Ligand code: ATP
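We begin with a single chain expressed as C-alpha coordinates, specifically the form predicted alone.
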Amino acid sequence: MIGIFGGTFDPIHYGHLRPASEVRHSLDLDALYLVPAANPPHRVSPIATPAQRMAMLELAMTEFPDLKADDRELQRGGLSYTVDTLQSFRSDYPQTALVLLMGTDAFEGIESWHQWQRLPELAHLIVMQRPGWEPESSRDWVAERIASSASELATQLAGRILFYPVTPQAISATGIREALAAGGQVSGMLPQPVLDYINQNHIYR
(Lines give C-alpha, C1' and ligand atoms only; values in the text may rest on other atoms or scores of the structure.)
Protein backbone atom coordinates (compact mmCIF):
# COMPACT_ATOMS: atom_id res chain seq x y z
CA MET A 1 0.00 0.00 0.00
CA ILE A 2 1.11 3.54 -0.80
CA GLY A 3 0.24 6.36 1.60
CA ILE A 4 -0.38 10.01 0.70
CA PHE A 5 -0.50 12.82 3.26
CA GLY A 6 -1.06 16.34 1.99
CA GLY A 7 -0.98 19.75 3.65
CA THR A 8 0.45 23.22 3.43
CA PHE A 9 3.30 22.25 5.81
CA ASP A 10 3.90 25.91 6.62
CA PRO A 11 6.10 24.80 8.34
CA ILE A 12 6.38 21.02 8.60
CA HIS A 13 6.51 19.98 12.28
CA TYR A 14 6.30 16.98 14.59
CA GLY A 15 2.51 17.19 14.65
CA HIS A 16 2.66 16.12 11.00
CA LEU A 17 5.71 13.89 11.08
CA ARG A 18 5.19 11.71 14.14
CA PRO A 19 1.61 10.58 13.35
CA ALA A 20 2.59 9.98 9.71
CA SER A 21 5.56 7.86 10.74
CA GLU A 22 3.40 6.02 13.27
CA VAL A 23 0.85 5.09 10.59
CA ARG A 24 3.58 4.21 8.09
CA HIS A 25 5.05 1.62 10.47
CA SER A 26 1.85 0.36 12.08
CA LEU A 27 0.21 -0.35 8.73
CA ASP A 28 3.48 -1.47 7.11
CA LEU A 29 2.98 0.86 4.14
CA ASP A 30 5.36 0.37 1.23
CA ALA A 31 5.86 4.15 1.16
CA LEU A 32 4.28 7.28 2.59
CA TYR A 33 4.53 10.49 0.59
CA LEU A 34 4.09 13.94 2.16
CA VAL A 35 2.71 16.26 -0.52
CA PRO A 36 2.87 20.03 0.07
CA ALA A 37 0.03 22.00 -1.51
CA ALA A 38 0.87 24.67 -4.03
CA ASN A 39 -2.32 26.69 -3.54
CA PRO A 40 -4.74 25.18 -0.98
CA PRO A 41 -8.34 26.02 -1.92
CA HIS A 42 -9.70 25.95 1.66
CA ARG A 43 -7.00 27.97 3.43
CA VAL A 44 -5.20 31.27 3.19
CA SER A 45 -2.05 31.21 1.08
CA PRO A 46 1.03 29.88 2.90
CA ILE A 47 3.60 32.37 4.15
CA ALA A 48 6.64 30.37 3.06
CA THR A 49 7.14 30.00 -0.67
CA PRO A 50 6.59 26.64 -2.37
CA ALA A 51 10.36 26.23 -2.72
CA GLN A 52 10.90 26.99 0.98
CA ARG A 53 8.20 24.58 2.11
CA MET A 54 9.61 21.83 -0.09
CA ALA A 55 13.12 22.51 1.24
CA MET A 56 11.88 22.30 4.83
CA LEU A 57 10.08 19.05 4.07
CA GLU A 58 13.20 17.52 2.57
CA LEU A 59 15.23 18.62 5.61
CA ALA A 60 12.67 16.95 7.88
CA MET A 61 13.16 13.69 5.99
CA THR A 62 16.70 13.46 7.37
CA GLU A 63 15.12 12.71 10.77
CA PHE A 64 12.30 10.67 9.27
CA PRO A 65 13.92 8.63 6.48
CA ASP A 66 10.87 6.34 6.44
CA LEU A 67 8.84 9.18 4.90
CA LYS A 68 9.17 10.70 1.43
CA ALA A 69 8.59 14.20 0.07
CA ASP A 70 6.64 14.59 -3.17
CA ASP A 71 6.40 17.87 -5.09
CA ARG A 72 3.78 17.00 -7.71
CA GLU A 73 1.30 19.62 -6.48
CA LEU A 74 3.99 22.31 -6.58
CA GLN A 75 4.96 21.24 -10.08
CA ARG A 76 1.33 21.18 -11.22
CA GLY A 77 0.55 24.65 -9.90
CA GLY A 78 -2.94 26.13 -9.73
CA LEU A 79 -5.38 25.15 -7.01
CA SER A 80 -4.24 22.00 -5.25
CA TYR A 81 -7.19 19.66 -5.45
CA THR A 82 -6.73 16.34 -3.66
CA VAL A 83 -8.72 14.52 -6.32
CA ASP A 84 -6.16 15.54 -8.97
CA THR A 85 -3.30 14.39 -6.75
CA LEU A 86 -4.90 11.01 -6.12
CA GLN A 87 -5.56 10.60 -9.83
CA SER A 88 -1.87 11.29 -10.46
CA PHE A 89 -0.80 8.70 -7.88
CA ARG A 90 -3.30 6.22 -9.31
CA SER A 91 -1.67 6.66 -12.72
CA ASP A 92 1.71 5.91 -11.13
CA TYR A 93 0.41 2.93 -9.13
CA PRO A 94 -2.50 1.43 -11.10
CA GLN A 95 -2.49 -1.91 -9.27
CA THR A 96 -1.51 -0.79 -5.76
CA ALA A 97 -3.83 0.11 -2.89
CA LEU A 98 -3.62 3.83 -2.12
CA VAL A 99 -4.39 5.32 1.29
CA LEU A 100 -5.05 9.02 1.88
CA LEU A 101 -4.15 10.14 5.41
CA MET A 102 -6.01 13.03 6.97
CA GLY A 103 -6.78 14.51 10.35
CA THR A 104 -10.20 14.55 11.96
CA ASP A 105 -10.84 18.21 11.10
CA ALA A 106 -10.14 17.57 7.43
CA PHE A 107 -12.42 14.54 7.42
CA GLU A 108 -15.28 16.45 9.03
CA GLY A 109 -15.10 19.01 6.22
CA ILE A 110 -14.43 16.62 3.37
CA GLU A 111 -17.84 17.12 1.75
CA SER A 112 -16.82 20.68 0.85
CA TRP A 113 -13.82 19.44 -1.15
CA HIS A 114 -13.68 19.54 -4.94
CA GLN A 115 -15.19 16.34 -6.37
CA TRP A 116 -15.03 14.75 -2.90
CA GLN A 117 -17.21 11.83 -3.97
CA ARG A 118 -14.38 10.59 -6.17
CA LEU A 119 -11.86 10.38 -3.33
CA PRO A 120 -12.97 6.94 -2.03
CA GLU A 121 -12.98 5.70 -5.62
CA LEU A 122 -9.29 6.52 -5.90
CA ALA A 123 -7.97 5.66 -2.42
CA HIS A 124 -8.82 4.35 1.02
CA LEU A 125 -9.20 7.08 3.64
CA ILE A 126 -7.29 6.81 6.91
CA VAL A 127 -8.53 9.29 9.47
CA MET A 128 -5.89 9.85 12.15
CA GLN A 129 -8.07 9.90 15.23
CA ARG A 130 -7.30 11.97 18.30
CA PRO A 131 -8.39 10.78 21.77
CA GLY A 132 -12.01 11.59 22.58
CA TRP A 133 -13.03 12.13 18.96
CA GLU A 134 -15.81 9.90 17.70
CA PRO A 135 -16.40 9.44 13.97
CA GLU A 136 -19.64 10.63 12.44
CA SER A 137 -20.87 7.41 10.88
CA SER A 138 -24.48 8.44 10.28
CA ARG A 139 -23.60 9.59 6.78
CA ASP A 140 -24.45 6.73 4.45
CA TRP A 141 -21.31 7.01 2.37
CA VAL A 142 -19.21 6.72 5.55
CA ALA A 143 -21.15 3.91 7.23
CA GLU A 144 -20.98 1.65 4.19
CA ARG A 145 -17.22 2.05 3.88
CA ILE A 146 -15.96 1.72 7.46
CA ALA A 147 -13.17 -0.83 7.84
CA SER A 148 -12.79 -2.58 11.19
CA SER A 149 -9.07 -3.26 10.74
CA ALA A 150 -6.14 -2.24 8.60
CA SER A 151 -5.97 -5.68 7.03
CA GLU A 152 -9.21 -4.96 5.15
CA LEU A 153 -7.48 -2.19 3.19
CA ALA A 154 -5.12 -4.60 1.47
CA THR A 155 -7.96 -6.58 -0.10
CA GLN A 156 -8.93 -3.84 -2.58
CA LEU A 157 -7.34 -0.81 -4.22
CA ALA A 158 -9.61 1.86 -2.70
CA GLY A 159 -12.98 2.50 -1.13
CA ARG A 160 -12.68 1.87 2.62
CA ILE A 161 -12.45 4.27 5.58
CA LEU A 162 -10.30 3.41 8.60
CA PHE A 163 -10.41 5.48 11.79
CA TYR A 164 -6.95 5.01 13.25
CA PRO A 165 -5.92 6.31 16.69
CA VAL A 166 -2.54 8.07 16.78
CA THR A 167 -0.49 9.54 19.60
CA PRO A 168 -1.67 13.17 20.04
CA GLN A 169 0.78 15.99 19.35
CA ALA A 170 -0.06 19.37 20.86
CA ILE A 171 1.72 21.26 18.08
CA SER A 172 0.34 23.45 15.31
CA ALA A 173 1.88 25.35 12.42
CA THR A 174 -0.12 28.43 13.46
CA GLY A 175 1.35 28.27 16.96
CA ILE A 176 4.86 27.90 15.57
CA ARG A 177 4.45 30.86 13.20
CA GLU A 178 3.01 33.06 15.95
CA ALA A 179 5.79 32.12 18.37
CA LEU A 180 8.48 32.85 15.80
CA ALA A 181 6.89 36.17 14.87
CA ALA A 182 6.95 37.15 18.55
CA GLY A 183 10.57 36.04 18.97
CA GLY A 184 9.57 33.03 21.04
CA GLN A 185 11.11 29.57 21.22
CA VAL A 186 9.83 26.59 19.23
CA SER A 187 12.60 24.10 19.90
CA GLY A 188 11.23 20.59 20.22
CA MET A 189 8.26 21.31 17.97
CA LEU A 190 10.00 20.61 14.67
CA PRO A 191 13.26 19.03 13.49
CA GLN A 192 16.31 21.18 14.21
CA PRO A 193 17.42 21.34 10.54
CA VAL A 194 14.00 22.81 9.69
CA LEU A 195 14.29 25.41 12.44
CA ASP A 196 17.82 26.28 11.31
CA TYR A 197 16.53 26.81 7.76
CA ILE A 198 13.70 29.04 9.03
CA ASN A 199 16.13 31.16 11.01
CA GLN A 200 18.68 31.39 8.20
CA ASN A 201 16.01 32.54 5.74
CA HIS A 202 14.10 34.75 8.21
CA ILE A 203 10.79 33.01 7.48
CA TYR A 204 7.84 33.93 9.75
CA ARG A 205 9.83 36.62 11.52
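Note that the structure is predicted; figures quoted are calculated from it, not measured. From 1 onward, residues are counted along the sequence shown.
Keep in mind that the form predicted in complex with this ligand is not shown, yet the notes after this line are about it.
Whether residue 115 contacts this ligand in the predicted complex should be assessed with a 4.5 Å heavy atom distance threshold; does it?
Residue 115: no, not in contact with this ligand in the predicted complex.
Do residue 13 and this ligand share at least one heavy atom pair within 4.5 Å in the predicted complex?
It does: once this ligand is placed as it appears in the predicted complex, residue 13 has a heavy atom within 4.5 Å of it.
Answer with yes or no whether residue 111 is in contact with this ligand in the predicted complex, where contact means some heavy atom within 4.5 Å.
Although this ligand is absent here, residue 111 would stay clear of it in the predicted complex, with no heavy atoms inside 4.5 Å.
Interface membership of residue 60, this ligand in the predicted complex, 4.5 Å heavy atom rule:
Result no; residue 60 lies far from this ligand in the predicted complex.
From the candidate stretches 154 to 162, 64 to 72, 168 to 176, 25 to 33, select the single one in contact with this ligand in the predicted complex, where contact means a heavy atom within 4.5 Å.
Comparing against this ligand in the predicted complex, the contact stretch is 168 to 176.
What residues, if any, in 182 to 205 have a non-hydrogen atom within 4.5 angstroms of this ligand in the predicted complex?
Nothing in this stretch is in contact.
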